[in-house]
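Here we start with a single chain on its own, the form predicted alone, put down as structure tokens.
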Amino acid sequence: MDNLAKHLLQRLMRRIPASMLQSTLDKWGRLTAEKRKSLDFTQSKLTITQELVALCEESELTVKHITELEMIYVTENPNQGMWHTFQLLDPEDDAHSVELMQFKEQFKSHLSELKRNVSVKIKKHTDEAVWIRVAWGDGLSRPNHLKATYVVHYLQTPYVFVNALSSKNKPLLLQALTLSTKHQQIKAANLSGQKLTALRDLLMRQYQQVFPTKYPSPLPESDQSISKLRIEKVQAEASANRHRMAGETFGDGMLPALQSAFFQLETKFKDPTNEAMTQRDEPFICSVKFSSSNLLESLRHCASSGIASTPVTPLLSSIPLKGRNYFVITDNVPNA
């Protein structure tokens, strides 16, 4: 076990919560049951790490085996780091028939042609997601396993989720993905966040949606007394209407826990009394960021409770409708 493998294991042990150590090592399966039983998980993290390193050395484990352990932890705990989404475009006629083995062979082959000294590991998760771990080398240097890129792709869908990808390696990865999935192009989907599951659910519509109707839904009959004041009736109707419109925009069930949305306004200065500023070619830029532990749930609550006006503005309703959380608004031409 070389120094790189030790360093990688020690760093990984710092990331894995103490409560998950035993179950994660059991899933890994690179240590015998006897060796796993010898570990006392009630000890400090430092002591457990030292004992684990010794056991891995005794078992002659390598970097390859440690990266397997890392993938197990990351796939089971994907809501970490910043994930960016991409959308594959212009599929070839046989794109829908690409299977896992074919994808693995093609991806490794294309990436190896584009980049020397690259290490690729691919595995299929239980939810049908294909997970890819890429460690990039530089010139004649070995792949840097301490700064690996993670990619998640569901075969036969156009969406790809990427974590920890440098601008230098971005075109190489995107080209390999485009070729191995038999598409012509790939573009940024303008959706990012720390919770991979939320991004996936939003893009792939894996949550309960309610589609708006042309006519308002009838309000449920009220069993209040006939003597109810008119103002109470008006308030009840207004509340029901707000809930209906909020539901039509965001749905009625659990929502993907999207944590942020960005809006950037680019507009010309308009003031007839200030000719110098009005004639400037450069637009004024204003950025607004919405943040919440569950942004869509917060927006739905604001609309249904009357904190925000209804119907919901298209700027906010576009988040679930278009599956994006980054928007650029220019003069009369929304764009991204």
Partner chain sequence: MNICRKAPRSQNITEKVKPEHLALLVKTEWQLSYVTPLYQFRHTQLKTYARQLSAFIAAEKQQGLAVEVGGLQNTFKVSFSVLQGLAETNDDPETVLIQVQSKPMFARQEDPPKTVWSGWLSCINGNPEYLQSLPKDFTCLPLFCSKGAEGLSSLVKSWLQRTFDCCFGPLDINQTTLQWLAALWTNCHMETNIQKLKMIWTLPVVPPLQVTYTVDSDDALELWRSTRESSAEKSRGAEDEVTRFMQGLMSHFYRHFRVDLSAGELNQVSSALGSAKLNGKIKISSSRYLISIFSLLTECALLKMP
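Positions refer to the first chain, counted from 1. If you superpose the two forms and keep the largest set of C-alpha atoms that fall within 1.5 Å, you have the rigid core. Computed from a prediction, not measured in an experiment: that's the story for all the values here.
Just so it is clear, the following notes concern the form predicted in complex with its partner chain, a form of the same protein that is not shown.
Task: W136, heavy atom within 4.5 angstroms of its partner chain in the model of the complex - done: The answer is no: W136 has no heavy atom within 4.5 Å of its partner chain.
Task: D271, heavy atom within 4.5 angstroms of its partner chain in the model of the complex - done: Close contact exists here: in the model of the complex, D271 approaches its partner chain to within 4.5 Å, heavy atoms only.
Open item on the list: in the model of the complex, does V53 come within 4.5 Å of its partner chain, counting heavy atoms only?
Closed with: No - in the model of the complex, heavy atoms of V53 and its partner chain never come within 4.5 Å of each other.
Open item on the list: I'd like to check something about A276: if you look in the model of the complex, is any of its heavy atoms closer than or equal to 4.5 Å to a heavy atom of its partner chain?
Closed with: Yes, A276 sits close enough to its partner chain in the model of the complex that at least one of its heavy atoms falls within 4.5 Å.
Task: The single option of T32, S38, T42, S291 touching its partner chain in the model of the complex, heavy atom within 4.5 Å - done: Partner contact (heavy atom, 4.5 Å) among the options: S291.
Task: Heavy atom within 4.5 Å of its partner chain in the model of the complex - residue from D26, E297, E57, E68 - done: Flagged contact: E297.
Open item on the list: in the model of the complex, does each of F263, T267 and S309 have a heavy atom within 4.5 Å of its partner chain?
Closed with: Every residue of the spot touches its partner chain in the model of the complex.
Open item on the list: Core superposed first: is there a CA shift of 2 Å or greater at E282 between the shown form and the other one?
Closed with: Yes, the C-alpha moves 2 Å or more.
Open item on the list: A 3 angstroms or greater change in CA distance between K268 and S317 is reported in the model of the complex. Closer or farther than in this form?
Closed with: So the answer is closer.
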